[in-house]
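For this one, two forms of the same chain are given in structure tokens, first as structure 1 and then as structure 2.
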Structure 1
């Protein structure tokens, strides 16, 4: 533990007229390698760092961020002054036991200790695999790793040091024929375990093969379809369809939204159980403490289709009279923490994926992902791959589709959940200008009746 820094912060927080003060200090190192086509396009190393103060005083929040810790006491003063300028009704924070802790992240193969040359050799191999497939026009491969050390201290006596590592890998292949362009990609991530991005040669070749196949594939007509969603894409679905609306900051100050999201409301069938929690270990959204110093948990959002919980910061938990969940997160020291997801997933059921598919006469099997968005009631998620299902069998490939849904009808139409839960570590989440935040999501195979799909 850095006692020097601890004393310095604690000294700076003394003697201000504030209800609550917190200080965060980040320092991080990262490296990245990017290829466009066969050529290495960019390689770089970065170091970054900075700090921030957030203060609650006189009914408002004040926030100040900076690169240099010089004159920290004045910076605390400025945050308190900002808070006082806001004014208004008092804001309560849910009580949390002060903690002093130092959390190291143990990984077997730490990416930051592996030479750049070794990482480049691995990426060279993936690039070769992609280009071994005839018909490719171009490709992009991007690798990135980072190590973050974050210090959190507050005026209630907490002082927490945490270390985090993160790895992302994106493989993408593009085929162009006349004016038509098709692409296929795969994203892989890990909370710092380098071995998880090794040995993906077959996947790299698969991405290229899929891009070539897509060029020849037909496009489906827009309309309603019965869809079987494969676990990776179903994870994106639950993140967009329900996860964001479980973030209590969308609800806590909105009386109408509170009526809609009242605990006990039924959103889906008995087979639907949805969980979020940084306390689920070993995933990209896992941590010991959130950015308000609250210990992480595992929370049920839906149990047997009924709303039983939501994700909180200390402020939203106090306002709604619910327990803290440890979901306040900030992407870096220039931002205050906001309510975010961590690891979000649908729990496994009893049927097999084959059983789900075999009951579909005419539909689509959709997998892999481009991304997803939500506006609370409406949401979209797009598949990287789609196949026709006829008489219970997955048949020919069609071009990628965009699926869209409505909170109140789509979860109800989710009529079956398989038993093959799998987590997707390749995504990132954006909210309030803070993007990409490391999260994971997952699901077993699921089936949705009458899902709306865009197409020509």
Structure 2
């Protein structure tokens, strides 16, 4: 623990007329490699440092970011002044026991210890694997890693040092023919273990092969289908469609949301349990303390289909009279913490995926994802792959489909959950201009009756 820095921050926070003050100091290093087609588009390493002060005074929040600790006391003074200029009704913060801690994350193969030329050589191999498949029109490969050391201190006596490492890899292949375009992609992520993105040559080649296969695949008719959703797409669904609705800042700022997201309301069957928690170890959204110094938790959002919780900062927890959950996060020192998800997933059930599929006479098996959007309870997601199901068997590949509908109707129609929970660690989450934030999401295979599918 850096006691000199601790003393310096502590001294800077003294003597101000503020209800609450916090200081964060970040230092980070990162590497990135990006290809478009066979051409190397970007490669490099960077390092940065900076910090911020957030103060609560006179009913408002004030925020100041900086890239040097020089004159820190004046920066705290400026944040307090900014807060008083905002003004407003008194703001309460849910109480949290002050913590003094130093948290280091150990990985077997730290990406920051790997030479950049070694990483580039591996990405060169993945690009070559993609282009070894005849018919590819273009491709993109993007790799990134980063290591962050964050110091948090507040006027209540907390002082916390945390380290966090993160890796992302995206492989994508595109096929064009007669004005038609098909693509296939795979996103992989890791909370810092470099070996998890090694040896993916087969996956890179598979992405290209699937793009070629999709060009020859038929398109299904639009309509309602019984759908089996595999864990990656089901995880994205529960993150985008339900997780964001569970972020308490959305709830207390929007009267309609308060009417919808009432604790105790039933949204699904007893087989449906949804969790979010940075306290679940070993995932990209895992940490010991959030960016308000609150210890991480594992929070049930739905338990046996009933809404039992939501995600909080200290401010939203106090406003709604609920407990803190450790979900206040900031993507960097230029931003204040806001309520964010961490590791969000549907818990496993008792049936096997094969049992779920065997009970479908005519339906679809959908997997992977391209993206999607939500507007209140309405959602639209694009599956990366889809297959017909006939008489309990997964059969031919069809063109990717779009799933759309009302979240709450869809959750009521979710009639079975398998026992094969798997976590998706690719991609990232965006909110309030802070993107991409490291998160994970997951699910077992799930079955939805009468799911609306877009098609020809």
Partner chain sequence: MAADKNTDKKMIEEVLERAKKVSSQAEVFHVRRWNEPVGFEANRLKTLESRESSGMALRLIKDGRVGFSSTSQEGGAKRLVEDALETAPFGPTAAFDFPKRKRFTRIDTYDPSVEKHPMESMVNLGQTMIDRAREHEKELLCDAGVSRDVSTLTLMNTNGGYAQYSTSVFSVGVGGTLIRGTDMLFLWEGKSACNPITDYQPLVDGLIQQLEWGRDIASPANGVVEAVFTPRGVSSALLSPLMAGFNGKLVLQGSSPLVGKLGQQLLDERISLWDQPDLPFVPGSRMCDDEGVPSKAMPLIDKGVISNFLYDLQTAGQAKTHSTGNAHRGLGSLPSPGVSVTVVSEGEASFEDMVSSIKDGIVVERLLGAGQSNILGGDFNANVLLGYRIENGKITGRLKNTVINGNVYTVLKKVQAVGKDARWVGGSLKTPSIYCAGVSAATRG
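Under this definition, the rigid core comprises the largest set of C-alpha atoms superposing within 1.5 Å between the forms. What you see is a predicted model; the values in this text were computed from it and never measured. Positions refer to the first chain, counted from 1.
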Item to check | Which of the two shown is the form predicted in complex with its partner chain | outcome: 1
Next on the checklist: Superposing on the rigid core, is the Cα displacement of residue 222 between structure 1 and structure 2 2 Å or more?
Outcome noted: yes
